[in-house]
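Listed next as structure tokens is one chain, alone, in the form predicted alone.
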Amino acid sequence: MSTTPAPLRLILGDDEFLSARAVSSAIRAAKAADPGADIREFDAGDLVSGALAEAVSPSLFGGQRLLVLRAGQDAKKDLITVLLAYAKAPDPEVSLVVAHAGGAKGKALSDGLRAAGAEIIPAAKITKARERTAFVRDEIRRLGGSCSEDTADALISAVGNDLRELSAACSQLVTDTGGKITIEVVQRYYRGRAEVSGFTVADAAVIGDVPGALEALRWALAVGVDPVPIADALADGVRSVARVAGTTGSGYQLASSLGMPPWKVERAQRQARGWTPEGLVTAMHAAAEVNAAVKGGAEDRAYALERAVLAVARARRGNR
């Protein structure tokens, strides 16, 4: 996606992760082009045509605007009429992004925007193995690394088919290896990942489930999961909870300001219940210490992980 905001973008597809990420990318591009850009997000099912007409009308103060319309398939007929009329002559200072699930519902809107020359950003669910392999390779390339088809297939076999998990795995591998990803690297990091992962350990720890977190950790280590991604997942889980603590609003409303996809915001909000600021400070110190330990060659990395998992889980349990 270019850094210059396009006047019309249609995110087309029913994969929640891909759609949410495309919206986040559009928001980042708008902020990069103009840090003071006016960014507004709407739900198509709740938006009335008059409010949209006002949002796209020329501003007295000028400046770039980004309007994000989610769930475009739910737009009512009068709103679709206004949208398609606007699409014929869009304001050069406004970038309109419409997320549409595709399919028959609301097809008049997606077809009309396509005909008006909107930039199409595919977000359909990936169902074919070859497409999933291409997704992994593209994801690693986007992050500055590279891998072969065989390596991508090995990662999918280890992690599974969920795009969120695959994206997180790609990010971890590129960060920890500098981008030189081979089958041997995947096997070293994610052996046994199908059974349990660092995210499994972290999810149990941040909700205060001491037995569950320790069981997941010991099983992960027993089947050969590398300590580094476990420590990374624990730190990411604690950071996510800390970022959403005290916030109000839906995942979609908070996603752009927190720099997190909506699904991750909502999961962290659920996990944040019961935490206090003091407990989070304790947990963040524990996560930082174990990351330094496992990446700095601690003599007993498994012991360092167990101490950290206990510290995080007990920090949460102690604040109920």
Partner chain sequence: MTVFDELAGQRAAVEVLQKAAGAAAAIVRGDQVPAGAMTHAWLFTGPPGSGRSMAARAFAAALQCVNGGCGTCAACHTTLGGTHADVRFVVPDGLSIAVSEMRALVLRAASSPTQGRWQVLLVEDADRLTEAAGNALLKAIEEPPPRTVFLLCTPSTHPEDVSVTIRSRCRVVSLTTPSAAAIAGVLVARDGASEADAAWAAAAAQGHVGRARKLARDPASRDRRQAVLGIPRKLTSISAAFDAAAMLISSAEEEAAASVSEVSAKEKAELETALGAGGTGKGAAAAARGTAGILKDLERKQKSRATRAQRDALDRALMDLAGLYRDVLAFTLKSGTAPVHADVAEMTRAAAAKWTPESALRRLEAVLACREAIDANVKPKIAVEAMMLSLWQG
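Rigid core here is just the name for the largest C-alpha set that superposes within 1.5 Å across the two forms. The shown structure was predicted, so the numbers you read here are calculated from the model rather than taken from an experiment. Residue numbers count along the first chain shown, from 1.
A second form of this protein, the form predicted in complex with its partner chain, is not displayed here; the remarks below concern that form.
Proximity to its partner chain in the predicted bound form, defined as a heavy atom within 4.5 Å, holds among 29, 66, 69, 280 only for 280. Taking a 4.5 Å heavy atom cutoff to its partner chain in the predicted bound form, the contact residue among 170, 118, 154, 235 is 235. Figure note: of the listed segments 282-290, 30-38, 248-256, 45-53, the one touching its partner chain in the predicted bound form, with heavy atoms no more than 4.5 Å away, is 282-290.
Contact annotation for residue 132: none of its heavy atoms lies within 4.5 Å of its partner chain in the predicted bound form. With a 4.5 Å cutoff on heavy atoms, residue 143 does not count as touching its partner chain in the predicted bound form; it lies far away. The closest non-hydrogen atom of residue 218 lies beyond 4.5 Å of its partner chain in the predicted bound form.
Residue contact with its partner chain in the predicted bound form: residue 126 places no heavy atom within 4.5 Å of it. The candidate spot formed by 188, 304 and 307 lies out of contact with its partner chain in the predicted bound form, as no residue has a heavy atom within 4.5 Å of it. For the stretch 227-245, the set of residues having any non-hydrogen atom within 4.5 angstroms of its partner chain in the predicted bound form comprises 232, 235, 239, 242, 243, in sequence order. If you fit the rigid core between the shown form and the other one, you'll see the Cα of residue 38 move by less than 2 angstroms.
Once both forms are fitted on their core, a CA shift of 2 Å or more is seen for residue 230 between the shown form and the other one. Core-superposed comparison between the shown form and the other one: the Cα of residue 51 travels less than 2 Å.
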